[in-house]
Every structure is written in structure tokens, then in C-alpha cells.
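Starting off, we have a lone chain in the form predicted on its own, written out as C-alpha cells.
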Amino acid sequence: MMNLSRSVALISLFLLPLLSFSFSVDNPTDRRVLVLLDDLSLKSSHSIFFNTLKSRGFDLDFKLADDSKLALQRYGQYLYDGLIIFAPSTERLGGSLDSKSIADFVDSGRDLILSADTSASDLIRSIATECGVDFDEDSSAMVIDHTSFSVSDVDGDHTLIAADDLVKSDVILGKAKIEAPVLFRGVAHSLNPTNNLVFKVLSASPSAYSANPSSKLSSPPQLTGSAISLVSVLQARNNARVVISGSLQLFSDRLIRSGVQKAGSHNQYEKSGNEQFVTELSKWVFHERGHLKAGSLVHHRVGETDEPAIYRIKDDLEFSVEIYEWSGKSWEPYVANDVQVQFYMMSPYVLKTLSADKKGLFHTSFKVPDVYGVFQFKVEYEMLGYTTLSLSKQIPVRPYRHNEYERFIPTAYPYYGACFTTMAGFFVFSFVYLYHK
């Protein structure tokens, strides 16, 4: 029995690093995701969304949000690479989980999908606040829109929103246009204006507002119009990604299968845009799209291939870097015309846009400035929806040696002329002075 226990312990120690490092740069989609639910019936009521994740190779681990054995890490290593919280009413998470541990999870570079509704607890609100999103303080408020509602809203309170104000980004929502409106029923949230890392993916129309649908308005609502965000995303500086939705029903089979017709529109759709929306959004948040990797920075003098240890001022050099994008199955060459390189010392002395060969190679050439010191090649690439690239390589630049200057410097020709003119003038003056009577 003792030997069996030791064997199990050894196997656990060997397997744990494999689980904790399941997300790798070489295969971003090889991931294990923890799904926290406040009711296990959500597995069936939201099965379409979960099945799309499973079909793409994700290993989903379903647990109740108040499970006393919950843990995101063990022996200092994370067990999961992604977290989905579909437990809006949970006041307290089980095990070792709390808002701080989830914030640490995101700070470690891992991804999160958080969904709320009218029963959102203080815990869910605090997690959202950490990510730069503030839900409406009125716990009974919902998004109401009397002009952009779905005609299938049988309750007549116009809380079933047919939203079509989507972010214009192929990398976040895919290249295929979402034709049908997205059905949304839930709570409004706003973005923290001091946080420039969070942005809207699905916005409310200008006629929307947040209020209690079962009571009359006694004062103007705090959130109105396009200031209301329905679904927002965050990409942190460490490239962790977060999706925050004000509606848990957005992911449900019922709204995914539901037909939709927006009020005031003659266009009828047999199926809402929810499935396409949540599928494409999940591809982005779990790094199946918009995930970049770059090779090392390569530089050398023009006409050479070896990288020098030092450059001389006014040297002509060539610079290149390879950048690839994960397509969901393999690495493909990244194509863009806005990648730049800086030749930097305290400030950029050279700023050049790199040319792409459409095979992943970005390159340029330039002359080393007439300034010596310790420089850096810097590539800092930030684009909406893409992982941030920050690469640098240090290289010193020296001045000319004493024997490397030209024998006669063209810029000194006026001084040479002045010198010989002075000599000639002195000779003429001496001749005239001595021999002229």
C-alpha cells in the first residue's frame, strides 16, 4: 500500500507540469478550461456553446462554483489555462477561489469569460471592476430599448434586445460578417475611462437605457445610449484576454436557436447571430485567432550575412524579423504594412516601416545615424485584437577611428582654400614690399 501511494505521488508530480504548461507558444489551442456553474443544468441549456469548444479540442472541466474542492493551482502551478464563469448569482466561490485569485489568474497571462445577469452578485461585480468594467449599480435594472428590440419579445417590456452594433474587427469576430442581429437580455455595463485596454464588442443603440422594466422611472437613468456596453473585452499588457458579458442568456441554446426580427425592419432571420457571435468571440479569447509570434531580430551590414558585435556611424545595415499568426491549426505568415522598427537611444533616431514579403519576413535597410553610443533595435507592435509584440536587441555604435577618416574632407575645402590663399597673399605682399619703389 505504501509503494502504491508513492507511485501515485510520483506520477502526480510528473503530470502536474504537463497540465500547468498546456498552453504553449507553439500550440496556443492545446488548452484546459475550468467552467464554473451555479447550476449544472446550464451544461444542457448552454450545450451548443460548450460543444463548439469541445469540437475545437478544448478540455472542459465542469464544476459548481461553490465546490469546496475548487483550486486553480497546485504546488504553485496552474492547473488550467482558461476560466469560464457562468455563475452570476454566486456570492462566494468554493475552495481557494476568490476575486483576488481570479485576478492573479489573469495576471499570469491566462484567459477568462465572465457572464452576468440581473442576479449578479457583489463577487461577479468586483471581478468585472478589476477588469475595467462597471455594471449598473441598480441590481434590478436591465437594458431596455423601445426601438431596437426583437419583435419576438412576448413579455412586451422590450428587454430582449436585437443588437447589431458590433466592433469592426475581423480578428475579433472573424472575416465572415454576422448578418443576423444578436439577441441580448441582461444588464448594462460601462467601461472605466481610465482603462484603455478594455473596449466594446457589442454596444447598445442610442435609444437604449438601463432601468427596472417593472417600475416607472422616477429619475433619469444613469446609463443611456451608446455609453452602454453589452459585451466588452480586455486584452491585458501580458496578452491575457477577458470577455465580459452582461447576459448569460446570450450563450443559451434558446437564444442561439431563436429566430429574430428587429423592430422596424422587414428582414427576418430564421436564426439569430448569437451562435456565430459567441463562437468567433471564443476563438479570439482563447487565442485561436489574433495570436502572433515573432522570431529573433536579425541585422547585419549591407553585403554581409554575419551579425556584427558593433556598428560604426554611417554604416549601411539591413534589418529583418519574422512574424507569424496562429490560424487555429498552424502558424501562417502574418501580412501587414504597419510594422515598424526603431533604432533607439533615449529616443528613436531612426523610425522605419518594414516591408513584408507575404511569407512572414519583414525587412528594411537604413544608414546608422552620425551619433555614437549604445542603441537598440526595437519592434513594438500593438494592433486592436492582436497580441502585443515587444522585441529589442542592443548594439553599440562607435565613431570613426583616427585612420578611417578621408584624407581630404570635402567639407574642409573652404579652409584649405583659405590657407593657401593666405600663403599666396603673403608671398605677393612680401614681393611688392621688397622690390617695389
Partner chain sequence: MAALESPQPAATTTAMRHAFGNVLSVLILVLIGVLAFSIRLFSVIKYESVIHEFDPYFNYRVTQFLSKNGIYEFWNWFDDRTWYPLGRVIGGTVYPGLTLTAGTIWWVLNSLNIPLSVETVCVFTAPVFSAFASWATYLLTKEVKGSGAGLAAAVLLAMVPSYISRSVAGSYDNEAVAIFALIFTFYLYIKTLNTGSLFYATLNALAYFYMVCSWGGYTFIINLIPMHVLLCIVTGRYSPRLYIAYAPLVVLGTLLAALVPVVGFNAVLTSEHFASFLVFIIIHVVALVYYIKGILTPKMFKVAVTLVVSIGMVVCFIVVAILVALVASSPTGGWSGRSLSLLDPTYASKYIPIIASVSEHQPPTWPSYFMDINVLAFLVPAGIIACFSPLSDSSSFVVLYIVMSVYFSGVMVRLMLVLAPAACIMSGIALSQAFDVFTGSIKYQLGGSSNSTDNAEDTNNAPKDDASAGKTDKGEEIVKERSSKKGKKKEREPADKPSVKSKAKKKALVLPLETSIVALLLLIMLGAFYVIHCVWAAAEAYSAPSIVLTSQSRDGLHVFDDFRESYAWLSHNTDVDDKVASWWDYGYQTTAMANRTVIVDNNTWNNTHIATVGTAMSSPEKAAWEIFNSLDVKYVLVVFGGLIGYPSDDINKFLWMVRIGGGVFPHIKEADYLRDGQYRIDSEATPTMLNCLMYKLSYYRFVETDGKGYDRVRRTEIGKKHFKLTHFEEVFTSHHWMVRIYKLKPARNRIRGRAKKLKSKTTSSGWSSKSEKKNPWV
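Positions refer to the first chain, counted from 1. If you're wondering where the values come from, they're calculated on a predicted model, not measured in any experiment. Think of the rigid core as the biggest set of C-alphas that the two forms share within 1.5 Å after superposition.
Below, we turn to the form predicted together with its partner chain, even though it does not appear here.
Point to revise | Heavy atom within 4.5 Å of its partner chain in the predicted bound form - the one residue of T129, Q276, S258, Q261 that qualifies | key: So the residue touching its partner chain in the predicted bound form, by this definition, is T129.
*Just give me the single entry in N51, S44, S68, Q394 that has a non-hydrogen atom within 4.5 angstroms of its partner chain in the predicted bound form.*
The option sitting close enough to the partner is Q394.
- Message: The chain here is shown without its partner chain. Which stretch in 268-276, 360-368, 129-137, 178-186 comes within 4.5 angstroms of it in the predicted bound form, by heavy atom distance?
- Response: Stretch 129-137 is the one.
task: Would you check, heavy atoms only and a 4.5 Å threshold, whether D98 touches its partner chain in the predicted bound form?
output: It does: once its partner chain is placed as it appears in the predicted bound form, D98 has a heavy atom within 4.5 Å of it.
Query raised in the report: D338: heavy atom within 4.5 Å of its partner chain in the predicted bound form?
Result: No, no contact at 4.5 Å.
Do Y372 and its partner chain share at least one heavy atom pair within 4.5 Å in the predicted bound form?
-> Taking the distances in the predicted bound form, the answer for Y372 is yes, it comes within 4.5 Å of its partner chain.
- Query: R407: heavy atom within 4.5 Å of its partner chain in the predicted bound form?
  - Reply: The answer is no: R407 has no heavy atom within 4.5 Å of its partner chain.
- [ ] Decide yes or no: are L250, R254 and P348 jointly within 4.5 Å of its partner chain in the predicted bound form, with each residue judged by its heavy atoms?
- [x] Verified in the predicted bound form; spot residues all out of contact, no.
What residues in 225-248 sit within 4.5 Å of its partner chain in the predicted bound form, counting heavy atoms only?
In sequence order, L234, A236, R237, N238 come within 4.5 Å of the partner.
*Displaced residue check between the shown form and the other one: L40, CA, 2 Å or over, core reference*: False for L40: its C-alpha shift is below 2 Å.
Did N192 shift 2 Å or more between the shown form and the other one, C-alpha, core superposed | Comparing forms between the shown form and the other one, the N192 CA shifts at least 2 Å.
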